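Okay, here we've got a single chain as structure tokens, the form predicted on its own, with questions on binding and movement later.
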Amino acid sequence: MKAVCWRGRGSVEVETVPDPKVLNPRDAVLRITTTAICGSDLHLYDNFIPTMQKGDILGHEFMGEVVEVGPKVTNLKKGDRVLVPFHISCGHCFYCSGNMWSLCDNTNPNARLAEKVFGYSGSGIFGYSHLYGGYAGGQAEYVRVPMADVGALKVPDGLPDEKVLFLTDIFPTGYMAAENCNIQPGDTVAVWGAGPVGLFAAKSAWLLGAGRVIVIDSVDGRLRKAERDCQAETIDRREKDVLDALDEMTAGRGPDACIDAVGMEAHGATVVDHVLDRGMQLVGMQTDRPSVLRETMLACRKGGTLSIPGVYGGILDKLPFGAAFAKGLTFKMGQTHTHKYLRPLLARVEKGEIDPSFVISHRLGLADAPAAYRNFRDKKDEYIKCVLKP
């Protein structure tokens, strides 16, 4: 089969690799009908997530048709159309039983690696380095799905792929980011980053009762999309100091909740800020660039909430933690518990409350993936969300 394979920093190629097979009784094999490139994939592309190996198959947002099932997968059959959450969960451990699916104890075969880096291991993740299990991803013609009896969700007839694909990751991620804000009716929610997760966080903030949504970015097309499709006020950080603008827009109080939908590859608010973070990253003094995280900590009102769906992978430097402490901020973060949100958000899609396909900017074939990765990373041609059809 054909698959998108990691070849090193800034390099992916479409290669011919062996077809996947059922290896365990709870496995299924899918023929991929639609997959996507996620902003988190760019952290792999830029080699900021350790333990990638040449030839690793990328992709954790995918759906398709069941072509084979293991003997213990009794809820699926050949021909079923399903979507699959990006993380792999057993369904039975302490964390899965507590609706904390992305923290599953049993699906990362390389848990010792993760424990060395993080202290504990979360779940395995499709196509997301050997730190998270080394599982082959879904930017391919076929994929093996472990724990398919728990993970795969049948898609109702009549809903096209593009309306449900993003339930595998970015829609629940944006929704959980908004839910973590503990939004009260009328709250002001500020979202850093108008990429797909930031846009879904903005949409979700409205669904959860926000009275005002402000989105911060520096890319024209993304700012326009936040205004047009998410009914958000926007701040172009190229033109205004973000902290001053938010102070003015909130009469000096600050947003009730702030969402960092950017994560580890943030660009600093100033040239000096960005150069400093880049330099420290290059010499190993920090692994991530936390300029947005710093800004959210300073911007959020006293007693407010900071929600962090943007991915961080290691050590951060020079965070204004004294400000966060003095203001009594609440921090909520982590990988999305996708299984928790699948059915409730699918119901919202079926009712017409939201059409997740609004984020799609490009539709391409699998062979176009190398160029799509470059353009997405470099924010060319107004790339916001690219779906691939194998």
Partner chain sequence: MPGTLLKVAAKSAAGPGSGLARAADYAPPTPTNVSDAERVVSLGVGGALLLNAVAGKHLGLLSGLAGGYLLYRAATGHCPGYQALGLSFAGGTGPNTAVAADAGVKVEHAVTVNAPVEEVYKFWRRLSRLPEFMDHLRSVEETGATHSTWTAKAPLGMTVQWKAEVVTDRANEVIAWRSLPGSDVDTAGSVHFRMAPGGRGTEVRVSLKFDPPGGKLGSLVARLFGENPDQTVRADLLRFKSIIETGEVARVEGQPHGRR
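Note that the structure is predicted; figures quoted are calculated from it, not measured. Numbering follows the first chain given and starts at 1.
Omitted here: the form predicted together with its partner chain. The next part is about that form.
You can rule out all but one of 198-206, 103-111, 173-181, 245-253: in the model of the complex, only 103-111 has residues with a heavy atom within 4.5 Å of its partner chain. Put simply, of 54, 343, 351, 363 only one has a heavy atom within 4.5 Å of its partner chain in the model of the complex, and it is 54. Residue 92 is the only one of 238, 92, 228, 154 with a heavy atom lying within 4.5 Å of its partner chain in the model of the complex. Though the partner is left out of this view, residue 133 does reach within 4.5 Å of its partner chain in the model of the complex, counting heavy atoms only. Although the partner is absent here, residue 220 is not a contact residue: none of its heavy atoms lies within 4.5 angstroms of its partner chain in the model of the complex. By the criterion of a heavy atom within 4.5 Å, residue 10 is excluded from the residues contacting its partner chain in the model of the complex. Under a 4.5 angstroms non-hydrogen atom cutoff, its partner chain in the model of the complex has residue 15 among its neighbouring residues. Heavy atoms closer than or equal to 4.5 Å to its partner chain in the model of the complex belong, across 115-130, to the residues 115, 116, 130, ordered by sequence position.
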